[in-house]
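In the form predicted alone, a lone chain appears below as structure tokens.
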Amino acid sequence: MSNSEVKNYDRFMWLLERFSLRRLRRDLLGDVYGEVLEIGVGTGANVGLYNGNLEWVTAVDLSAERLAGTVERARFVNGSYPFMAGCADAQRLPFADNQFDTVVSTLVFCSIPDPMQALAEVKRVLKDDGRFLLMEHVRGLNPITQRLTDWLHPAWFALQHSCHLNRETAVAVQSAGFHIQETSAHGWGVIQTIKAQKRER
């Protein structure tokens, strides 16, 4: 992704972030704690929304261009916790087993080629009582939006080359062995937040 594509993406997302997504991000990240890994950090939309209970945030993304803006944003909006960023693939995370208290993913699993492999990696790097927090656009959660996302998916994927409109991410998270603690649906059921834990308490 070029610098111009990064800027165009931020412009495209501005209205959605301003009137909907930013509130969902803030609610999702309100009780994050400890050592945090954010996968698919993108252009840094979550930077500045983490609370003060952190030890540090490690952020990874496939795109060096996106990461450059993320690091700059982190320096500008929040200096209260250490922030480290680097290129990495969610399907092959370069971290030790049981390393993180929390893993965060927002609008990422729609584009991962092998989401089950990425979920296995998330589970591997989480501590035994670790939490996995997601905000994703998903296959509709009611019959109308299910048909709509299924119908739109082929054309959307052909245009984007990576983004799947109709993935059932909560089902995948549960199938990967996580215990889902809470979900919420937004945007007529096509945006979902998921709070899961590696092990059920």
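Computed from a predicted model, the values in this text were never measured in an experiment. So that there is no doubt, residue numbering starts at 1 and follows the sequence shown.
If you look for the form predicted together with a small molecule, you will not find it shown, but the lines that follow are about it.
Engineer: Just give me the single entry in Ala85, Val125, Ala74, Leu107 that has a non-hydrogen atom within 4.5 angstroms of the small molecule in the model of the complex.
Structural biologist: Checking each option against the small molecule in the model of the complex, the one that comes within 4.5 Å is Leu107.
Engineer: Exactly one residue in Leu152, Ala68, Ala172, Leu62 has a non-hydrogen atom within 4.5 Å of the small molecule in the model of the complex; which is it?
Structural biologist: By the 4.5 Å heavy-atom cutoff, the listed residue in contact is Leu62.
Engineer: With the distance limit set at 4.5 angstroms and only heavy atoms considered, check whether Gly30, Asn53 and Thr102 all reach the small molecule in the model of the complex.
Structural biologist: Contact check failed for every one of Gly30, Asn53 and Thr102.
Engineer: Spell out, yes or no, whether the shortest heavy atom distance between Leu119 and the small molecule in the model of the complex is within 4.5 Å.
Structural biologist: Leu119 lies outside the contact set for the small molecule.
Engineer: State yes or no: in the model of the complex, is some non-hydrogen atom of Ser111 no more than 4.5 angstroms from a non-hydrogen atom of the small molecule?
Structural biologist: Answer yes; at least one heavy atom of Ser111 falls within 4.5 Å of the small molecule in the model of the complex.
Engineer: Just to confirm, Val57 within 4.5 Å of the small molecule in the model of the complex by heavy atoms?
Structural biologist: Although the small molecule is absent here, Val57 would stay clear of it in the model of the complex, with no heavy atoms inside 4.5 Å.
Engineer: Answer for Gly42 alone: is it within 4.5 Å of the small molecule in the model of the complex, judged on heavy atom distances?
Structural biologist: Contact with the small molecule, yes.
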